[in-house]
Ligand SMILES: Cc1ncc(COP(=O)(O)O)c(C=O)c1O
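Before any questions on binding or motion, here is one chain by itself as structure tokens, the form predicted on its own.
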């Protein structure tokens, strides 16, 4: 990636001056330190007012609950530069709601909606020059994170928590962008157990997918589709994204499963499909149906939509075409058009900074 960050020496007051030179067209989906992040602490039953911090490290007790017992949850959302010069955050209140759902599941304190929005807006304003300009196809990725940071040795929740929001400029998650990729159905590992934490956004779900993902990538498959863990006969989701497909009669189909993370992108695509008169089916999807679909994709904040060209299921290879199908392309263009301000935001999804 052709990207440079130039750091100047501290001035006499100890303030670091930073100058950035970024080739926006070469951005990938990678960590990039920016000027600052914001951090709030929960202690003695309440959140503080938060601080913008320039250091990109965090100090924790070696017995922190997040390190030993995985008490952490996170979110992912994006902000976009629009043609009129404004910056719009895509559906942040949905992320706030989903983060609180995760927090309740693992006994973290909930975040007041106004605190979540304050955090996101303050950190964007502090790093506004890192928002990729309109026309570059890039965005500012926003990663809220909550961790149990108090020392705990017996299994139990922390008594201290940190809520952190970091941002960074990003391009496409997959360098191919909207180009279709190959996928494989996992036959050896599960992503989440029935009645477990598959429907909330905690790090353990992703840790569980790392080994299968590494094996699949060595075999030429960028993404893995996980079946339900109980019967292994129904579709759950891809390792980092929801499953979507288009049936032969033109319906938008996505699984209804309690082990799947409710995707804000998927919810948005379903709303747009209904706007366009496309039937939407949210239902159990049998693996045996995979050959019956005419288009297939993975959807999520990072990717928006990644079309699937073919999927390997056991000894069978099911092909969907080397180009993005017309329905998924239409939905992709409509959603990204709204995000970048090129199409009307009829659902009032964008919060202006």
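Residue numbers count along the first chain shown, from 1. What you are looking at is a predicted structure, and each value in this text was computed from that prediction instead of being measured.
Although it is not shown, the form predicted together with the named molecule is what the next lines describe.
Comparing 247-255, 217-225, 123-131, 232-240 against the named molecule in the predicted bound form, the single stretch with non-hydrogen atoms within 4.5 angstroms of it is 232-240. With the partner omitted here, the residue from 102, 71, 212, 263 that has a non-hydrogen atom within 4.5 angstroms of the named molecule in the predicted bound form is 263. The candidate spot formed by 201, 206 and 300 lies fully in contact with the named molecule in the predicted bound form, as each residue has a heavy atom within 4.5 Å of it.
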